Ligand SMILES: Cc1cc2nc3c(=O)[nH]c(=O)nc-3n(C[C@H](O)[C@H](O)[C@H](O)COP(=O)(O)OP(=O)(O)OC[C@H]3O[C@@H](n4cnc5c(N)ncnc54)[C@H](O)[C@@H]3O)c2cc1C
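As a starting point, one isolated chain is supplied in structure tokens, in the form predicted on its own.
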């Protein structure tokens, strides 16, 4: 990516080292200090114009290239995402509001995202509408100049800490299930919203149920056109699926293994070290697939199948690399402060990898989408 990208990486790594504890494993733990670390680090990035680097200056960004934003994305994910949940607002909520929001919505929502002051959650999946999102049942019915929304969402990450929800609901019935869907921008403290956490091995905040009981919203809360929300969702999912640089964390942990283990690295079975080398190759493949999609997004030519191909590769990499790393730390038994920290990072990576093939659309649905595209071409 050139010298500017190399310098940017150096700046970001220095900021992480100065502002994020070495044992930080993400904002979503039982310790409130971890969330405050993430929120504080977002403010540090925002003050330096690095949080929303590629956003236009008028919306609080620096007008940088998508490649510089890709560098930020990679370094953040490689270091256990010290921005916390902000990547959601930065990667796709903000850009979607830029494209489809009214002037009032842009002025209301974009500055707080650019300053790192607000957390968003995504109200998409439902108990009977996960991979088949278009079959959702949460309904919005007309109520004077506004709407009343009732229904349930599930697997909603960050709902316990979010101030706003990017909510998809059905506003009418069309000939196809994808018709008649509308996006609403909803404050999470509004009357009629209840959040119930779901316990999981990933820790708190990741999985929640959200219930909407006669929630009152206005026409000003609608993003884009009424009944045309599916078109926006397709765009959102493409940005979301590429917006998390999972390959960067895989590569960082894999490359760290030999130095952390030291002399014990040579005692590992040749077969295991061979799989370790193969995983590094797969990291490069996933990175190049991501860059291809980023280039197409920048030109406005990206297709859902492009994002699906990347998503398949990177989620498989997530799980396969986690399995290899778990075997390495189990066999080598590293000790010492650095080694113990590495083991905790690997264990955290393994837990997240279990969910990666169902998050943001299951890998099976991505394979179907990609297959249909290949057969149609």
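Remember, predicted model here, so these are calculated numbers, not experimental data. Positions refer to the first chain, counted from 1.
FYI, the form predicted in complex with the ligand isn't displayed, but the following is about it.
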{"property": "70, 245 and 288 all contacting the ligand in the predicted complex, non-hydrogen atom within 4.5 Å", "result": "no"}
{"property": "Residue 156, heavy atom within 4.5 angstroms of the ligand in the predicted complex", "result": "yes"}
{"property": "Residue 362: touches the ligand in the predicted complex, heavy atom cutoff 4.5 angstroms", "result": "yes"}
{"property": "Close approach of residue 355 to the ligand in the predicted complex, 4.5 Å, heavy atom", "result": "yes"}
{"property": "Proximity of residue 256 to the ligand in the predicted complex, heavy atoms at 4.5 Å", "result": "no"}
{"property": "Among the candidates 172, 131, 102, 150, the residue which, in the predicted complex, approaches the ligand to within 4.5 Å (heavy atoms)", "result": "131"}
{"property": "Position in contact with the ligand when the complex is considered in the predicted complex, options 96, 91, 122, 297, heavy atoms within 4.5 Å", "result": "122"}
{"property": "Partner-proximal stretch of 260 to 268, 201 to 209, 226 to 234, 185 to 193 relative to the ligand in the predicted complex, 4.5 angstroms, heavy atom", "result": "201 to 209"}
